[in-house]
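Taking the form predicted alone, here's one chain by itself in structure tokens.
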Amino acid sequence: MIDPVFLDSPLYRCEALEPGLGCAVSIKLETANPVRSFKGRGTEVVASALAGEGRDAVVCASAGNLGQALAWSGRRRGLDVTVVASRAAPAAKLDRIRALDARLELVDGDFDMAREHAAAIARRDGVRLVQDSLDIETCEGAATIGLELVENAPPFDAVLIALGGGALATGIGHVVKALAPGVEVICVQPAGAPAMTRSWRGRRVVTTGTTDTIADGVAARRPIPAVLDDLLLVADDAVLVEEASIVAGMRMLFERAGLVVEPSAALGVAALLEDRDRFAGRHVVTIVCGGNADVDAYRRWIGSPS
């Protein structure tokens, strides 16, 4: 169901990062595809199923990457795609959604407000609402990353996964725990958007009033209960990282690995930077999950090469 362009993404040992991190680091690069994020894996499953059912329209809320991916997958299959996003979402992501011929509706507020508006459109128009992380197809798409890790990576001790809504973490986590149970599944979230991590730690849904992070792709305030239940089954740990560490991780990936990534994709490296002792001497895989960075913002974050 998934176009091969999204599958078998590069996976390699990135020795250039290792002196600064104190451990062996492999990268799973989910930016080398037409939408520059892992989301295309899940939207391919969604769009394939909808086309097979004869459905012709779909709507989603997105911080940017899901909307691009659904627009790409839907356009290939003749689906009418509507994406709801916050006006504050990165302009580069919004422009890309428009370029992929989706109908874009902007709302005031954040992603959770966009989610409410998308649900209202689905009810009004009687079309399929794609809910990232809640809809199993989005998790199944992410799970194919886990299959590729287990099948192709040399033995590794831990995998660091960006945590937002939870599709990436639960999808990869279920596969890893089933096929490589000795591997530690560690979720990483910004301290400025801690809702899911606090929920995992408290084993109950914890919402936050606001978010304050440059990692827009994982900045949700209201965890989905069913997704939390799933996460509790597969995550060994959930950690929070500071904004300065996220920026340092982006800079390290650029300067030492030649990778331009969005903030969410640097969360794994940020976790390594903040807790070198924990990972010393271990082989860690980190998922570089997206590369849709706003150019002007990226320049501000990275600054002049050191």
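All residue numbers are counted from 1 along the displayed sequence. From a predicted model like this one, the values you see are computed outputs, not experimental measurements.
From this point on, the text means the form predicted together with a further copy of the same chain, which you will not see here.
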Checklist entry - Any chance D135, P225 and F279 all have a heavy atom within 4.5 Å of a further copy of the same chain in the predicted bound form? => result no
Next on the checklist: R96 versus a further copy of the same chain, in the predicted bound form: is there a non-hydrogen atom within 4.5 Å?
Outcome noted: yes
Item to check | a further copy of the same chain contact at R55 in the predicted bound form, heavy atom, 4.5 Å | outcome: no
Checklist entry - With a 4.5 Å heavy atom cut-off, would you call N33 a contact of a further copy of the same chain in the predicted bound form? => result yes
Checklist entry - Applying a 4.5 Å heavy atom distance criterion, does A257 contact a further copy of the same chain in the predicted bound form? => result yes
Checklist entry - So which of 57-65, 270-278, 248-256, 42-50 is the stretch with heavy atoms within 4.5 Å of a further copy of the same chain in the predicted bound form? => result 248-256
Item to check | Any residue of 1-29 that, in the predicted bound form, places a heavy atom within 4.5 Å of a further copy of the same chain | outcome: V5, P10, L11, Y12, R13, E15, A16, L29
